[in-house]
Every structure is written in structure tokens, then in C-alpha cells.
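A single chain, nothing else alongside it, follows as C-alpha cells in the form predicted on its own.
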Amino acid sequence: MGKRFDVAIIGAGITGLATAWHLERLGVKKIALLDPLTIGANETLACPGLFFGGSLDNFTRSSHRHGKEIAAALWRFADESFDLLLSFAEKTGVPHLVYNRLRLISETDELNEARQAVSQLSACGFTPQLSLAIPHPHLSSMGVQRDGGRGGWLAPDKLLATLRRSIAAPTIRHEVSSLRLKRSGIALQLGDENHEIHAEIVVLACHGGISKLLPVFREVLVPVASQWLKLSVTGDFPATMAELDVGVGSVFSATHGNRWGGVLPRALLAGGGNYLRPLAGIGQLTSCWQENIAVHLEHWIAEQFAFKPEQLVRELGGVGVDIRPWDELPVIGPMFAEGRILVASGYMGQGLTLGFNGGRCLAQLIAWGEAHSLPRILWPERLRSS
């Protein structure tokens, strides 16, 4: 008989650690945190550190597919998630920057979509702004959609280290090879060894590894390769950045969220460009560095803000795997037909933003049986017939 816990959390990224952190503050103490060696790599450490409200693509992406009410609920959840993570960073001293969340518009179809998005957002009680016809001889933008001061950056390694120091739960460094439901709880097989631990409730926060443990999700949670790079800036930032109000701490996106970036002191982050990957990176279980994407992003940043090419010096970069549900909504909540298993994944490019709040909601569901701020549409039950 293995050790017994009230809750076993598989995954030690932002969601797993946040779930443990919130559970302990809600009085649940007998927790095991499993940090797998191969299941679902820690994507939090591989991310560039950007967090932001709203969504990566515009409001209309969700409203067209799911209706305005669901789109607004998801937008509010993301805004709340941004505020919660920012509050935690401020209170614990995690290095961070905050400024604007911007959408840079350079195509007519994007401009038309932005007009519709701003109208719908305003009708739902949000306060976006759309600025048009920005005059500059070297600026490609036709306009900018401002979604408020919910753009920011924080240090992912410092965030995880701070959470770890604040958690009393032991860390078990084993891969979980299988789950077995029993009347008395759930047995977790650890690796290839004849060793188990037992828990009343299991939280799957291992993202890419969820489908391995729950095969029902194999066709639902789709892996997508991703890539980003950091560019140091020599000389002065161009005047175009001030004209666009792209200050230090800003998060910006363009081409329907297919390209994105952020501003650090004396540096910029840039990511996306998946349309240059085979099948846009969809279905790739691992990500690899593509030099053509890096060059493409460098050129985009230079053209977007009127940098001279010699001003941008590549400093570092990273690759990762995002998880996108087939219906483009995050999956957070208890499994259908088995409430003792809870899952969180499919953050649609907003893992750092949504993970902390996702962990809080899972902790509330476990401790209280409800999480009022979690939209019910995000529960896995919607995938029952998929």
C-alpha cells in the first residue's frame, strides 16, 4: 500500500503550483505535488513571461464561434486572471512590468474586425479604444486597438520559485504512468516501478500529458508548436513606439494574434509566426527552433516600429508546445462522470495569465465544491460528446 494523500497534483508549472498554493490557504494540507520527468514538460519555464487580459486573438474570434455572452465571460475571466497574478507578483516581489495591451492593425480585414470587436466589447461593458490613421512615413499600422492597462511581463522562474517556497506539500519526482480508479480513491502508478500512491482527488495540470493519462482527451487537446525570441535594442527606441503608446511592459499582437510581443527595458520579445511551420505547428508534440521564423519575427519588429536593422540584436529565444482545445476554449474543472479527477489545460496562448487563476478555481472546487468566477462553459463536461 502506497502513501495516501487528500489531493495529488500532477504537474509543477504555474497551474499545479498555484493549485497547491491555494489549497493550502483553504485548509487542505495533505497534498502531494508530482513533478513528472517526461509527462507534460514544464511549459511555464519555457515561456517568455508575457501575461495579459482579454485574449490573444480579438473578441470577435470567440463571439463569432460561441456568442457574445460566452466571449464576454471568457474575457472577464482573463482580466480577473491578469489582476490576480499581478497582485501576487506585487505582494511577493516577483519581478514584473505592467503597461498597455495593444492590437496593432495593418490590414483592412483586421481594421474591420477591430471595429466590430470594439463595438461588441463596449456593449458588454468593457472600455476598449480604437485609434485610426496613425501618420508616420515608416509605420505600417493603420490603427491600434487598446484593451486597457492589462499588459505585462514577469519572470517565470522567479514566479515558480516563489510559489515553491510558499508550499509545504512534498514534491515527488516521478512520472505518473497511469491512474486507476478505486472505491477508496485513485491509485497513481509511478513510472515503471511497482510503486503507487493514493489520493482522494487528482488534479491533472500536466497539460500535454493529460491525454496520455486520460485518452478521451487525445482528439480534444491539440498540441501546437511555438517559438519566441528576445531582441536587445541598441541606441534609442524609435519615436513610433511612443506614438503607438508601446511603453515598457506593453504586450502587443498583430495579424489576428498570429504574431505577438512585449517590451522590456532595452529589449523586445517577439513570438508567433506559426504559419511558417508545417501544418502551422498543429499536432506537434515537441517544438523545434526554426531559423526562418526567427528571421521573420526580427523583420516584423523592425518594420512594425521603424527600427534600423542594426538596432536589434538577437539575445536568446525559446520553444514550447501550446495546448489548444478543438473548440478554442480552455478546459478547467472536474471530469465528466468522475468528479474526483480535475483538469486544467488548453489556455490558448495565455498559460501564464490563466494558470494562476485556474489553480485557484480548482482549489475552490476541491475545498468548497464551487468556484463562482470560473465560467461553467470551461468545464470538461462540454466535451462529453466530442
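Numbers for residues come from their place in the sequence shown, where the first is 1. It should be emphasised that the depicted structure is a prediction, and the values quoted were computed from it without experimental measurement.
Although not depicted, the form predicted in complex with a small molecule is the subject of the following passage.
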Ile70, heavy atom within 4.5 angstroms of the small molecule in the predicted bound form: no
4.5 angstroms heavy atom contact with the small molecule in the predicted bound form for Ile201: no
In the predicted bound form, Asp57 touching the small molecule (heavy atom, 4.5 Å): no
The small molecule contact in the predicted bound form: Gly351, any heavy atom under 4.5 Å: yes
In the predicted bound form, segment of 49-57, 328-336, 23-31, 357-365 with a heavy atom within 4.5 Å of the small molecule: 49-57
Listed residue that, although the small molecule is not shown, lies within 4.5 Å of it in the predicted bound form (heavy atoms), from Leu221, Leu213, Ala117, Leu102: Leu213
